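Only one chain comes next, encoded as structure tokens, the form predicted alone.
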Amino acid sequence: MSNTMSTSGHAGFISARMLLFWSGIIALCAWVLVPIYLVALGALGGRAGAYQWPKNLLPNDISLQPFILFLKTEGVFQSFLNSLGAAGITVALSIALGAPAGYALARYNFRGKDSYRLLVLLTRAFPLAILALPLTVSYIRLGLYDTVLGVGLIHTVLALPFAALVTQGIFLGVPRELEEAAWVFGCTRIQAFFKIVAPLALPGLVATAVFAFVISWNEVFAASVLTVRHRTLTAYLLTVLSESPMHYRFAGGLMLILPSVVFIFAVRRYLFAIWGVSSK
């Protein structure tokens, strides 16, 4: 009798945990997808759909006119290319500088290691608005003002602390014994890193690259302050869409979301591999 009650109680506890787990998953998905869905409704529904409330499940009349007008706007395509360039620079530099730093933090013990980790994180404690004036003056003196390279460098500064700390955790998850075995078989430290550690850490490095890409793509303040003609898409739309109709703003917002979604979808199998989930 007592065993039966214990078994049923245990099964009930597991069911409650599963219910809580899936409820959290559903809530998280809704938190992410519902805003995107509402933006899509406002963009595809035209002027009437943008102001309609309550919203329909699907727009009454799907209109691509806001997207066509958005794409025909002068400067949008060039600013899109500028955003891609800045994001590419950010991803490349964040991985090139953050991965070695993360590897050193994971594999070597040195004096001040914990303080160094804290200082890396504290670099994000300074509001970018405080640094806007000295950054602008420095960029003008160095010839980086109003350039894609300059925007990419400041975005790298924003992404690099997290890249270093995230890659540290990734390299800690790779057993050191595998590297030592490679050394025994004649590999140098660099060869062991590229042949053993890097392939195992690839999913985490891709996740770090996604994080850096999203930071650069969504950042607007530095891009607005440090550029005038060669603006990124977010900085350009900040000025263009401020006086535009609501459905046009929704179309611009959806066009800003799509590249990040496409990029994440393209590297999804590496992201799933972090949790041991296969994806084809």
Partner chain sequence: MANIVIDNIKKSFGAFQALKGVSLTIKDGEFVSLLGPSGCGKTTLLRIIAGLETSTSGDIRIGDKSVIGLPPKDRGLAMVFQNYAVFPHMTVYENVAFGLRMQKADDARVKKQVEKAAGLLHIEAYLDRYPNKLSGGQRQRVAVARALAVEPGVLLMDEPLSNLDALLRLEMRTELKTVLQEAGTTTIYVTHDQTEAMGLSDRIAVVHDGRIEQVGTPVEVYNHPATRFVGGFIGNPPMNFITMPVTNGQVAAGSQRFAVPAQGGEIVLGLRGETVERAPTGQGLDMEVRVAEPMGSHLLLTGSILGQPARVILPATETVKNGETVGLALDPKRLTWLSPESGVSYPAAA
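These numbers come from a predicted model, not from an experiment. Numbering follows the first chain given and starts at 1.
There is another form of the same protein, the form predicted in complex with its partner chain; it is not shown, and what comes next is about it.
Contact check at 4.5 Å (heavy atoms) against its partner chain in the predicted bound form: all three of 182, 188 and 199 pass.
Its partner chain is not drawn, but in the predicted bound form it has a heavy atom within 4.5 Å of residue 195. Residue contact with its partner chain in the predicted bound form: residue 177 places a heavy atom within 4.5 Å of it. Just one listed stretch, out of 137-145, 199-207, 87-95, 74-82, contacts its partner chain in the predicted bound form at the 4.5 Å heavy atom level, and that stretch is 199-207.
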